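So this one's two forms of a single chain, laid out as structure tokens and tagged structure 1 and structure 2.
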Structure 1
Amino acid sequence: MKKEKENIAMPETEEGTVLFNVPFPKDLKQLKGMSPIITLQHYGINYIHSYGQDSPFFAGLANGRLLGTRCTSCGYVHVTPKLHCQQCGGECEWMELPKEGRIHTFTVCYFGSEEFLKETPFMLVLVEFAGAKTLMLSRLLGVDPSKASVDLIGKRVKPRFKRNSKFKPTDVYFVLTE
């Protein structure tokens, strides 16, 4: 005589999406006309990210300071920090950038990533700093994008920092000093 299998059931929980009273036709031929079931489910993950050699740059932003690096061999100043010089390969040291720069060029963005889509149009500038060989890409606030003109090139700007740092490059933005 064969032994009957036990009914094994998974435990029921109230976690996740729970549907009640899902309509179901008596006649299976009506299933083709059934509306799709639509649920809203939260999806999230935890992602561990290391800022590695750029950690001092982001710590600076969180403390209202804009940092770059200077080559200890040739003196080349990188606005976007580098561990080693892109000119000679020498080791670089951290330095604070000037409190003011100039607009090298700009663009008005009419489309953006999901994060900035609600803010379009917005302006991006390449900022040059005295003594630095590279430029910094950042947002320009306080200027109406519809009134942007080439007159902005060469204007002085100063960095501003978000009060609540997100440890992103967007923690710093620029405003006109004039």
Structure 2
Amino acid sequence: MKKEKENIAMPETEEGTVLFNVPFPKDLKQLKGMSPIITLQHYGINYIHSYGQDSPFFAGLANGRLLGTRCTSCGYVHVTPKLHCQQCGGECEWMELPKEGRIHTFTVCYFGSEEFLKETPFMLVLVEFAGAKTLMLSRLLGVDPSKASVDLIGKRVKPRFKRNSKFKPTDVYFVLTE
């Protein structure tokens, strides 16, 4: 059994003291016993990122339209767009997805990647649409996270759009229809 006391610890944070020098032994033989020098180094990048052929999906979100693609050869529907069919290799065309879908599965994230920690707890959902076998990953809003249960699967949901688009997949999110 884990003892509660073992879990008590001061939170580790990343700020610290700027270090310009360290003690150094007279005898070089002592160097192998030296503690490692650990420094904080920044690692940040801005990317010039293109959505390429998938750009119309994000233009759709900015205009309150949820787009997928349909294969012009076999009719397969890609809810998350692909401009070439993953089933038959045919070329796909843009189409508007139905105005309502159902919860295929979901979760409540109480932790997350650093970028999203401040938003926890948040709900992720995979939405299914009539006539399509592929799904869409999105956020589910308006559901009490403490009420998470498999009974939510199959419930009807509809998309809502941000008023000011950020050209990210979170420009759309889903809420329960009922």
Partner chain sequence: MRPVYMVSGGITKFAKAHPEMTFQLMVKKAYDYALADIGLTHREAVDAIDGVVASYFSDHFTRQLMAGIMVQDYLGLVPKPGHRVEGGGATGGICFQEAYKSVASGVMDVCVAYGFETMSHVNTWKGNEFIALASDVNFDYPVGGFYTGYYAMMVVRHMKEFGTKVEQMAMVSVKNHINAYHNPYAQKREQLTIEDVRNSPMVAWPLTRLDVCVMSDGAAVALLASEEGIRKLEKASGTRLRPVRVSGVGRGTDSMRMADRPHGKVILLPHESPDDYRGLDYPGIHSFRAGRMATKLAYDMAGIKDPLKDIDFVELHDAYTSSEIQTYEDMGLCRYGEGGKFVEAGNPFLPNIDYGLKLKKKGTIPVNPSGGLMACGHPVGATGLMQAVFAFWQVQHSIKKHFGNDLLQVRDAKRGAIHSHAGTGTYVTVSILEKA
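Heads up, when I say rigid core I mean the largest set of C-alphas that superpose within 1.5 Å between the two forms. Keep in mind the model is a prediction, meaning the values are calculated, not measured. Along the sequence of structure 1, residues get numbers from 1 upward.
Enquirer: Which of these two chains, shown alone, is the form predicted on its own?
Expert: It is the first structure that is the form predicted on its own.
Enquirer: Core superposed first: is there a CA shift of 2 Å or greater at A130 between structures 1 and 2?
Expert: Shift at A130: below 2 Å after core fit.
Enquirer: Rigid core aligned, does the Cα position of N63 differ by 2 Å or more between structures 1 and 2?
Expert: Result for N63: no, shift under 2 Å.
Enquirer: Please determine whether the C-alpha atom of T39 is displaced by 2 Å or more between structures 1 and 2 following superposition on the rigid core.
Expert: Yes, because once the rigid core is superposed, the C-alpha of T39 moves 2 Å or more between structures 1 and 2.
Enquirer: If I align on the rigid core, how far apart are the two C-alpha positions of F24 between structures 1 and 2? Answer in Å.
Expert: With the cores aligned, its C-alpha sits 22.9 Å away.
Enquirer: I need the CA movement of E115 between structures 1 and 2 once the rigid core is aligned, reported in Å.
Expert: Here the C-alpha difference is 3.6 Å.
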